[in-house]
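A single chain, nothing else alongside it, follows as structure tokens in the form predicted on its own.
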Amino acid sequence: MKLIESSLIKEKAYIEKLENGLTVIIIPKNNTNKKYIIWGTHFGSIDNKFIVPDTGEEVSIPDGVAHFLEHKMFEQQNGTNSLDTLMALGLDANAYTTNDHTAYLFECTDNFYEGLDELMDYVQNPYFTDQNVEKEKNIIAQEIKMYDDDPAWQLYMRTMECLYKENPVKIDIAGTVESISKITPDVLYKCYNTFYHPSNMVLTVCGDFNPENLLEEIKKRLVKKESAGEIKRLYPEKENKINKEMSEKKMGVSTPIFMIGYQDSELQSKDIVKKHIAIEILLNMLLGESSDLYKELYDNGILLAKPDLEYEFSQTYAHILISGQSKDPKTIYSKLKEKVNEYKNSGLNDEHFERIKKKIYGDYVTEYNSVANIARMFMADKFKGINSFDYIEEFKTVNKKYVQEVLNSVFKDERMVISIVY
């Protein structure tokens, strides 16, 4: 197995690309009883148009198929549900779908190999019928209606609506009641056979394992599959401007919630890790707990708690999201715009920059205390073409001059939006 390591935090990861194309990543952690496994496929809600590798057929699928498929994978032909089976073994099992990937996972201290049997069985053996697909439509329709009434989810979706006109990231991961009504077993099998091929998947395990022995156990449980060509995904053209600046909606919230977004037009630059670090530093300098702006807004009762600060990116979209609670979200919007322009004109403060940089580095290092965080991070980063250790190794290359350049290129007034739920 190929060994990659970070000498700075004394962590190692073993990576093997198997003959069938499956990438296996094993991160040994000898000081814990917990074990975590996550098996992901590079298939998310944005992958709604693609060309089937073996036939060249161009396919458009209804919105919500990736999420629907995730739900259906647990149902077995013998009438059992694999999620129930894993839970009965005492494992903390789950699955989820994002914009760009779907993942199946469990965490445990005991019964790992019994869980591995079940996980690798249900992910490799789908069972879809007209009857079980129709039954699932009612369940997911209820879930969609629940999210329609969820202020936090509506806030996020309306921010995406502001940021993008055509990009499929603005589509709800679960789809709509209308779109899922068009899903058939045929559609699910076509997507499964295309995207659940081992060459499009990453299996990551973290815990007290001998990597070579564990790899052999994984190989034993793999179903033999023919090699497949590369999946061609069809996405709209990159967008060079926002869709609209503001969205406002009334829902059942006691205090208004807001989300401010910046659309980043420079997708997947070769130094994406370095850029990501710079953006995290900037967000904390602008509105982190130790920032002047946060103190001013909090002391004046405008910002009610520490805001959430995020940078989301893939090969087809990238944006900054700042969210929180406020009685006056528009004041936060204008004050943030002023602070960004102040930093652009006067430059970043040396002492504040160094202090925040150390804090972010500390946050990265503490991620390695959790087997769940490690496994999920390595899998998600792999789909983005990133070695997770690069965040630790690249840190020393991020200086104030570079961060200032990122501020000037990404935090632009004309790419700034706000969504508010009153």
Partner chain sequence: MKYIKKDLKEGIKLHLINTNKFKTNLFAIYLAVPLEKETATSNALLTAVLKRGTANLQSQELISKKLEEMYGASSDFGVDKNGDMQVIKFYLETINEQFLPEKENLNVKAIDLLLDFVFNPLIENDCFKKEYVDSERNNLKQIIEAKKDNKIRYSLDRCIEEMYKGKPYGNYKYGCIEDLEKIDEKSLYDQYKKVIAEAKIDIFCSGENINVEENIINRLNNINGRKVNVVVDNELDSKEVKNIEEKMQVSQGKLVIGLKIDSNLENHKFISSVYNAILGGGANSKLFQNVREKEGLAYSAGSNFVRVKDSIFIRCGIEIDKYNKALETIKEQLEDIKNGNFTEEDMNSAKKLITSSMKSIAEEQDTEITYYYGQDLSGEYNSLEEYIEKINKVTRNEVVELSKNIKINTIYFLRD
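On a predicted model such as this, the values are computed, not experimentally measured, just so you know. Positions refer to the first chain, counted from 1.
Only in words, not in the display: the form predicted in complex with the partner chain, which the text now covers.
> Given that the partner chain is left out here, which of 124, 176, 243, 111 has a heavy atom within 4.5 Å of it in the predicted bound form?
Replying inline: Of the candidates 124, 176, 243, 111, 111 is the one lying within 4.5 Å of the partner chain in the predicted bound form.
>> Considering non-hydrogen atoms and a 4.5 Å limit, which listed residue (236, 229, 347, 90) is close to the partner chain in the predicted bound form?
In response: In short, 90.
> Residues in which of 200-208, 297-305, 215-223, 126-134 have heavy atoms within 4.5 Å of the partner chain in the predicted bound form?
Replying inline: The contacting stretch here is 297-305.
>> Please determine whether each residue of 185, 265 and 390 possesses a non-hydrogen atom within 4.5 angstroms of the partner chain in the predicted bound form.
In response: Judged in the predicted bound form, none of 185, 265 and 390 sits within 4.5 Å of the partner chain.
> Is residue 359 close enough to touch the partner chain in the predicted bound form, meaning at least one heavy atom pair within 4.5 Å?
Replying inline: Taking the distances in the predicted bound form, the answer for residue 359 is yes, it comes within 4.5 Å of the partner chain.
>> Does any part of residue 152 reach within 4.5 Å of the partner chain in the predicted bound form? Heavy atoms only, please.
In response: So residue 152 does not count as contacting the partner chain.
>> My question is simply whether residue 376 lines the interface with the partner chain in the predicted bound form - judged by any non-hydrogen atom within 4.5 Å.
In response: Because no heavy atom of residue 376 falls inside 4.5 Å of the partner chain in the predicted bound form, the answer is no.
> Taking heavy atoms and a 4.5 Å cut-off, does residue 78 contact the partner chain in the predicted bound form?
Replying inline: Contact check for residue 78: no, nothing within 4.5 Å of the partner chain in the predicted bound form.
> Of 392-407, which residues get within 4.5 Å of the partner chain in the predicted bound form if you count heavy atoms?
Replying inline: None of them.
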